[in-house]
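Given as structure tokens, the chain that follows is alone and in the form predicted alone.
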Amino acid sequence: MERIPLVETRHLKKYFDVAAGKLHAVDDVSIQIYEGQTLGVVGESGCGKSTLGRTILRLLEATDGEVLFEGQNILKYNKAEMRGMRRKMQMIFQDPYSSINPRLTVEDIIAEYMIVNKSFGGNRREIYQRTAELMDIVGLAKRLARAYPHELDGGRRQRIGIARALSLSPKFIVCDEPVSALDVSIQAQILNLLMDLQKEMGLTYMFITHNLSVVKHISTDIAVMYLGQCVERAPYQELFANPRHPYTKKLLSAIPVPDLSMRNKQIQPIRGEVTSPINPKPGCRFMSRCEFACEKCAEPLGEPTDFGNHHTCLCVRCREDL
């Protein structure tokens, strides 16, 4: 029997109207995320990673396409149906300084979602008991329950965001660069916490990041985005061992290696002008920066090339040894 993804997008599009036309933030993205796994999403700033995550959760309304959760297209849900779906889908935001209410205490921030959704029948005592449990789960000391966000460091603030996301017992969490605003030592603690929670609770993540070393550490599969399109998708071992898209190869070449024997490693710089995401022309959007571009690259790309083992690549020359 074929395994059904927990979350799937089919030809998902999100365009923004701007003065010059339509900005293609997410353009024809089809991905699958299976239960208990982590899909890492990487790419340059402005490539559409965060917009993709927010569109999947319907924090932004899609322009076209489908978002399937457990096989149901949630883009067709009305407001009442979507409110029930919010319990199953949550988000950990990038900035722990601005994503939580500075006027609420730690326990009130974590309890807020449960109060709004009338968890435990709206019983405040049970809600705050659950809040204390969540603080313990994410490693927040009980003495901080009545503290305010400005009294805490970035790592503790991000733990509040994680506890809040867990408060409704979701199945799927979008982690939007959850460690990028933290010190390196704190990043490791938060990453290990997320991985431990995934094992204990069977959570499914979409993990958005710039850091390829981080995404290799935490991900089951990796999707590489460029100017709104998913240009390559593969299991993390396959992507690092056998990248096919020229953009992916250049990204991987830039990963720092803590090995003196590799100090002469050649980094492949990406040269050329970035194509405008506003009213883009048909064809490969990386063409203006790709040393392997040919006339065929200017033609509509069609469906990604399938290499098997869930490895796909959106490049007309990806079967060649470039």
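Counting begins at 1, following the sequence as shown. As the structure is a prediction and not an experimental result, all values here were calculated from the model.
The same protein also has a form predicted together with a small molecule, omitted here; what follows describes it.
- Figure note: of the listed segments 293-301, 280-288, 48-56, 28-36, the one touching the small molecule in the model of the complex, with heavy atoms no more than 4.5 Å away, is 48-56.
- Proximity of residue 18 to the small molecule in the model of the complex: non-hydrogen atoms within 4.5 Å are present.
- Under a 4.5 angstroms non-hydrogen atom cutoff, the small molecule in the model of the complex has residue 177 among its neighbouring residues.
- Mapping the unseen interface onto this chain, residue 70 falls outside it, with no heavy atom inside 4.5 Å of the small molecule in the model of the complex.
- Taking non-hydrogen atoms only, residue 44 approaches the small molecule to within 4.5 angstroms in the model of the complex.
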